[in-house]
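Below you'll find only one chain, the form predicted on its own, shown as C-alpha cells.
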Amino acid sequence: MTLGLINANPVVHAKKERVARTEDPHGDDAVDPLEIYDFVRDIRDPEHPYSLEQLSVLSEESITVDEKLGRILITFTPTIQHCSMATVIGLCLRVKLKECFPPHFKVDIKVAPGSHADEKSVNKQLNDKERVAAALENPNLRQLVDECLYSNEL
C-alpha cells in the first residue's frame, strides 16, 4: 500500500457471482472474453485491498477477443483521472495474461478513452515491449505487481 492515497475513498461494488462453466476436454481451444475476465477479475488494486472487479476498473464488456487475428484487447477504467497506478494495473494485466494464454495472442491493454489525464502516454507505455520488460526488471515494481497478482487478502 502506498502512503497518501490518491483516491482515498473509492466506490466499491459487490463481486459478481462466477459463472459455472462446463469444460469439454475435446472442445475447441477458443478464448472468450468471459474466460479472460475470470483470470483477471481478482487482481488486487495497487492502492486498495479490493479487486479490479470490485472497483469497476474492469468488466466483462471491457474485454474483446478476435480469434482470427489472435488479438486480445483489454480496456480498463482507472478510478480517477490522475491515477498514478494506471501503469501498474496495466502491467498486472499483462503479466497475468502472459501466464494464462498462449504466446500467439497479441495482447493490447489500454485505458478507456477519456478515463485518464495522460491516456496517450499510459497506453504507449503499456504496449511497448521494451518499456514493459524494463519495468518488470525493477525489483520494487515487480514486487508490487506480484503482490497485486498473488495477494490472498481478497
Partner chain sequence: MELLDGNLELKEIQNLQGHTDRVWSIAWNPATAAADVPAVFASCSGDKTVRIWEASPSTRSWDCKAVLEETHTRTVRSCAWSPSGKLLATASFDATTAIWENVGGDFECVSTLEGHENEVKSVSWNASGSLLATCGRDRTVWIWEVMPGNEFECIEVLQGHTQDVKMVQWHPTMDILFSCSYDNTVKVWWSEDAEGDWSCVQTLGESSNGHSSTIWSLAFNAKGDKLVTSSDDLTLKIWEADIVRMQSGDGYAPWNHLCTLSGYHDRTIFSVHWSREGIIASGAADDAIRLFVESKDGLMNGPSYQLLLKKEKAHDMDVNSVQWFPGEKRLLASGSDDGAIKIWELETLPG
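In this text the structure is predicted, and so the values were computed from the model without any measurement. Positions refer to the first chain, counted from 1.
The same protein has a further form, the form predicted in complex with the partner chain, not shown here; the description that follows concerns it.
By the 4.5 Å heavy atom rule, the three marked residues Glu60, Ile63 and Gly114 all fail to count as contacting the partner chain in the predicted bound form.
Interface residue remark: Gln125 is counted as part of the site for the partner chain in the predicted bound form, having a heavy atom within 4.5 Å. The partner chain in the predicted bound form is not approached by His82, whose heavy atoms all lie more than 4.5 angstroms from it. Proximity of Ser121 to the partner chain in the predicted bound form falls within the 4.5 Å heavy atom cutoff. Taking the partner from elsewhere, Asp108 is found to have a heavy atom lying within 4.5 Å of the partner chain in the predicted bound form.
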